[in-house]
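The chain below stands alone, shown as structure tokens; this is the form predicted alone.
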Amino acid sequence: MKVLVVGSGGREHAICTSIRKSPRLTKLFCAPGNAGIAQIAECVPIGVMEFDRIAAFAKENAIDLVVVAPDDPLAAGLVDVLNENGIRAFGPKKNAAILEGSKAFSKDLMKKYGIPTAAYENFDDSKEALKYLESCSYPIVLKADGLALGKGVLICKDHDEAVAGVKEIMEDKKFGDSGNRMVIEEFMTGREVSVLSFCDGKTIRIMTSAQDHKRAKDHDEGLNTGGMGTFSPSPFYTKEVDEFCKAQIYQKTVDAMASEGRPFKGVIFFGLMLTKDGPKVLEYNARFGDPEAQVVLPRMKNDILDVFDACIDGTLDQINLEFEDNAAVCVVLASDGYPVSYEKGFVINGLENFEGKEDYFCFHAGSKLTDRGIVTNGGRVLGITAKGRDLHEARSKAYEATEWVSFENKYMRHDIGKAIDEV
């Protein structure tokens, strides 16, 4: 089976690593990939938004399956384009990817179908939004409606911050057209948990839980990022939480999308807040999380190609998802200055230390092969993942492995998974 993965980050490296384990695989391609992915797949220089070129490549190379991993091409309809060209693809179509592509849509969906979430209002006029803020209690959350690389959310502690936030999102267009509409919602408190799931339009299969660390600095300080590290499973995702979510959130979401004429086939990421009033949905993503995929997929026992096929064919009810009885922790090695400004092009040393090491993974997020060797090529550079008997062992091993690699301006958080000490 010939497979093409679309994307270039740590998530795509984790997906490619899982696909490589399948006995069904005959050839693996990635567009555009990165220096780490190039070690296990043939990378082709095609951008994720070059739909016609992706479709042409898939036809010319008799690709059996295209896995569309990032949010932008999903929201813009790459799966639709591939299907129209007779190419089999994994991921939601455009009308289903709106679950992530529009926060206003997803909030309205939850309200309509009784799925627990924070109270909110949608705005497409900044003056109306500013007027609404006068009657709000604080802190409050502002969200750009569209995709913003995981950074379009502002938590405002008072009215002045909220006014500045509306200006930033809707008037200054900090997040581009994503800020044409905006959601203002109540600030919820509690533990955050990420739960990934496979869907085939009617059936949902839940993967193991995870917990992300979004803030750039230790102690959850600094700006929001795409994710500085994660661990799996979350000890806060209890049996009671699981039972509530299965009854009130997961299947309800799949059924709601089907009822709206938008059957969802692919991965739904549920960002949950465990509030004092029970679990509520913070956000949906229409694809594997990054870096959640880097701790969830290494623990999955199933042949991932079998699961992809079941999602596409509507036979997911015949799949029993299985995960190893262990834990995994991922620590992101970033470029100092991320997510604002940072330098690129520094040589990465020590990558060979991961060769042949069981339970250790070095997922490349922002790397590039040059005549000087592999260099940094992004804000998030590497995801260092380790598996262990439990979260404490996995965390210890992951931090040990962060010392195996070095590059100029290397930066990381030192408290990924620290919350497990409170259990």
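Owing to the predicted nature of the structure, the values given are computational and were not obtained by experimental measurement. The numbering used is simple: start at 1 and walk along the sequence shown.
Heads up, the form predicted in complex with ligand AMP isn't pictured, but that's what we're talking about next.
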*Does ligand AMP get within 4.5 angstroms of any non-hydrogen atom of residue 282 in the model of the complex?*
yes
*Indicate whether residue 186 is a 4.5 Å heavy atom neighbour of ligand AMP in the model of the complex.*
yes
*According to a 4.5 angstroms non-hydrogen atom cut-off, is residue 206 in contact with ligand AMP in the model of the complex?*
no
*Would residue 214 count as a contact of ligand AMP in the model of the complex, using a 4.5 angstroms cut-off between non-hydrogen atoms?*
yes
*asked:* Within 4.5 Å, heavy atoms only, one stretch in 249 to 257, 316 to 324, 341 to 349, 282 to 290 touches ligand AMP in the model of the complex. Which?
replied: 282 to 290
*Could you tell me if all three of 103, 118 and 141 have a heavy atom no more than 4.5 Å from ligand AMP in the model of the complex?*
yes
_Contact residue in the model of the complex, from 309, 80, 303, 192 (heavy atom within 4.5 Å of ligand AMP)_ = 192
*Candidate from 163, 136, 223, 155 lying within 4.5 Å of ligand AMP in the model of the complex - any heavy atom*: 155
